[in-house]
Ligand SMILES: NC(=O)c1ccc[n+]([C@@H]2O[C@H](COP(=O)([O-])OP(=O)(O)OC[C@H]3O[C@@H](n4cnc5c(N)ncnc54)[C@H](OP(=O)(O)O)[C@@H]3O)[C@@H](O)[C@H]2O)c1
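Shown here is one chain on its own, the form predicted alone, set out as structure tokens.
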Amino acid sequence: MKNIDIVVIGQTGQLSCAYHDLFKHKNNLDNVCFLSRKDLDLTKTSEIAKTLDSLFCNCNVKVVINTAADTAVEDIETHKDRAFQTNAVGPGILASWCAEKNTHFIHFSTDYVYCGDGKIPWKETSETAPLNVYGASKLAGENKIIETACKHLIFRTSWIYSSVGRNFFTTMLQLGESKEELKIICDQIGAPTYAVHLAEISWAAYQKICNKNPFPSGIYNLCSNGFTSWYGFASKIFELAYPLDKKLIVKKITPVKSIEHSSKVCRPLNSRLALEKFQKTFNLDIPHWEAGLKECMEIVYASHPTQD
């Protein structure tokens, strides 16, 4: 195998796709290896280190970026073991491998590690109290990474979306073409985070400190600036899409409370994340969530200008 500097775990997810486009734009894809679930299955924990050793025995890997996760929040409630394997045990083994090889490790966590009450943005030092299995598994993953003492950056983020795959943004556009009225939750507040921006900013942050000694390992909140509800996010999506998409038939968006929405999973009402630690450490500008949405919308309709 050619020399690989960067290994990205995950190949088809929206964040891994964003990293692929980022590295392609920088003309350094030759030094990057993307591993799909077929290549490296985080649920098969006994094989992770062996697979990495086999693939990269002759490489000097500088950084492993883990974008893989089990994010099927409702399904996870009845598949706890699978979630903890993928979101906790697997990342811990990846981190151990990085510690052994003196390789940096970038990992993405979630706002779901907090209890989600109140209205004040959560800090990295705020008490964690996950409301569901997904949040608990991601928190366990953070702890396992930290225990290895590898050089790591753990980014807690929120509400990731992009123009690819199944996410809130793409789901709204699909539903908007088939339903005249949509009921959207209005009392869960957070920051919709464009996957492209998340990849760009997290990579820029890493590049700023990759040669620092000591390496500033730790947990950092990283999401878009600003806050809104799912209802506010949906409203803005259709405000921007309607002039561009002739297939949209949705005429009414009705705000509803979480308690009115049938779900077996308890979700945080307050997903606001404080960004001061990230900004102080890396001195990088973080775009507002509306800027990300506009950019995403431009990409979607650039290839389908009229949606005839």
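On a predicted model such as this, the values are computed, not experimentally measured, just so you know. Quick note: we count residues from 1 along the sequence shown, nothing fancier.
Omitted here: the form predicted together with the named molecule. The next part is about that form.
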item: Triplet 96, 154 and 206 all within 4.5 Å of the named molecule in the predicted bound form via a heavy atom; value: no
item: The single option of 43, 281, 263, 28 touching the named molecule in the predicted bound form, heavy atom within 4.5 Å; value: 43
item: Among the candidates 202, 163, 221, 86, the residue which, in the predicted bound form, approaches the named molecule to within 4.5 Å (heavy atoms); value: 86
item: Contact stretch among 171-179, 98-106, 231-239, 132-140 - heavy atom within 4.5 Å of the named molecule in the predicted bound form; value: 132-140
item: Partner proximity in the predicted bound form: residue 69 to the named molecule, non-hydrogen atom cutoff 4.5 Å; value: yes
item: Proximity of residue 37 to the named molecule in the predicted bound form, heavy atoms at 4.5 Å; value: yes
item: Partner contact for residue 292 in the predicted bound form: the named molecule, 4.5 angstroms, heavy atom; value: no
item: The named molecule contact at residue 227 in the predicted bound form, heavy atom, 4.5 Å; value: no
item: Any residue of 258-276 that, in the predicted bound form, places a heavy atom within 4.5 Å of the named molecule; value: none
